[in-house]
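What follows is one chain in C-alpha cells, specifically the form predicted alone.
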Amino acid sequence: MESAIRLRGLHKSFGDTIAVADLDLDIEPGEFFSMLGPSGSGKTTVLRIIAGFEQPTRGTVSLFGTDVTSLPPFTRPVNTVFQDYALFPHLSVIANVEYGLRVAGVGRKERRAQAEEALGAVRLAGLEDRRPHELSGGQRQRVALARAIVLRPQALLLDEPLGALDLKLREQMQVELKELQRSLGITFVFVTHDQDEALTLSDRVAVFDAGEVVQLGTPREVYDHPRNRFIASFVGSSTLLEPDVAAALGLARTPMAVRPERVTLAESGPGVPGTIAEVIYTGPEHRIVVDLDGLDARITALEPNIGAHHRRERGDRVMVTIEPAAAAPLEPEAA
C-alpha cells in the first residue's frame, strides 16, 4: 500500500542547530499517527515541513505518491489545525468555516452546505451565527477542526491542538478527535508533548528526541517495551533498575525499566524486602515508594485504592516482586 506521507533523508538545520536529523518515516493512509516528544525534539518542525511552512535543508516529502518537497502549502492535499485556533474574531462560526471554500471560488450555496456538514461532523450545528468570543475553548477548537476538514484534505495535521484546554475538556476532545478521525477515514498526524494524549489517540507513535525518532510503534509497544532510558522516563513513569538491582529482583543482570503497576507488594513471602518511604494518594490509586534493603535503591509500585491496600503506611515492611516478563530490558547508553 502506498504511504500517505513518506519522508526520506529529511534534515533541517537552523544555523548550527540541527532540528531534524536525516529522518526516514512512513505514515499510512487512514492512520492516526502521533509525533511525541519534549519541546525542541523536532516534532513540530517535521509537521511544518510536511505542511510546506518550512523547507528542509535536504531530503524529500511525498504525499500520496507525489513529491511535494518544493510545492507551496496551498497546493498540498493537507490542512493544518493549530493550538491557537487562528479563527477570524470578526467572522461568525459559519463564515470562519466557509472562508477556505470562498477563497477557492466555491459558490455561496455549495459552500454553505459544505460548511454546515462540517459543523455537524464536529457537533456544532446550531451555533453558525455566533462569534468566536461567544464560544468555549472546546467549541473554538471544533470550529478550527471544521474549517480544516471542510476543504476535504487527504491528511489533517494537528499541531498540539488541545494544549490550551483544561484537563477535563482536553480529555473530552481526545474522545471527539478519535471519533472524528474514524468517521472521516483520513490520515491524522498529531503533534504533542503529552504522552497520555499520544497513547490514548494513536494507532502508532513516533517518539522524538534531539531531532530523531528514537522509537516507533503502537502505544502498547512503546509503553510496554521502551527501548532506552529516555523513552522509559518520558513515556509514562518507570523505575530504572541498574543491573545489580535487577539481578537481586530475579531479573536479568542488565539495565531494566519496570512500570509501577507491574510491581507487586506483599506483607510476606518471596521477594526483596524493603521499607515504604512514601505513600502518595492520587484518588483511584496509591503510589508507593519502597526503599530496598541493602541495595541503595528504591522502587515505585502502584496499587488501586480498594480493599486492604489503603492501609499501607510509611515505615511498613513489604516484600517486592516483579515477574520477569513485566520488566523491559534497556539498550546500553551510548559511550
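The first residue of the shown sequence is 1; numbering continues from there. As the structure is a computational prediction, the values presented were derived from the model and not from experiment.
Form predicted in complex with adenosine-5'-diphosphate (ADP): not shown, discussed below.
**Request:** Answer with yes or no whether Ser268 is in contact with adenosine-5'-diphosphate (ADP) in the predicted complex, where contact means some heavy atom within 4.5 Å.
**Result:** No - in the predicted complex, heavy atoms of Ser268 and adenosine-5'-diphosphate (ADP) never come within 4.5 Å of each other.
**Item:** adenosine-5'-diphosphate (ADP) contact at Thr69 in the predicted complex, heavy atom, 4.5 Å
**Value:** Although adenosine-5'-diphosphate (ADP) is absent here, Thr69 would stay clear of it in the predicted complex, with no heavy atoms inside 4.5 Å.
**Prompt:** Does any heavy atom of Ala327 come within 4.5 Å of a heavy atom of adenosine-5'-diphosphate (ADP) in the predicted complex?
**Reply:** No - in the predicted complex, heavy atoms of Ala327 and adenosine-5'-diphosphate (ADP) never come within 4.5 Å of each other.
**Prompt:** Should Ala19 be counted as a contact of adenosine-5'-diphosphate (ADP) in the predicted complex, where contact means heavy atoms within 4.5 Å?
**Reply:** It does: once adenosine-5'-diphosphate (ADP) is placed as it appears in the predicted complex, Ala19 has a heavy atom within 4.5 Å of it.
**Request:** Work out which of Gly30, Pro304, Pro273, Gly40 lies within 4.5 Å of adenosine-5'-diphosphate (ADP) in the predicted complex, going by heavy atoms.
**Result:** Looking at the other structure, the residue within range turns out to be Gly40.
**Asked** Only one of 61 to 69, 291 to 299, 43 to 51, 276 to 284 gets a heavy atom within 4.5 Å of adenosine-5'-diphosphate (ADP) in the predicted complex; which is it?
**Response** Looking at the other structure, the answer is 43 to 51.
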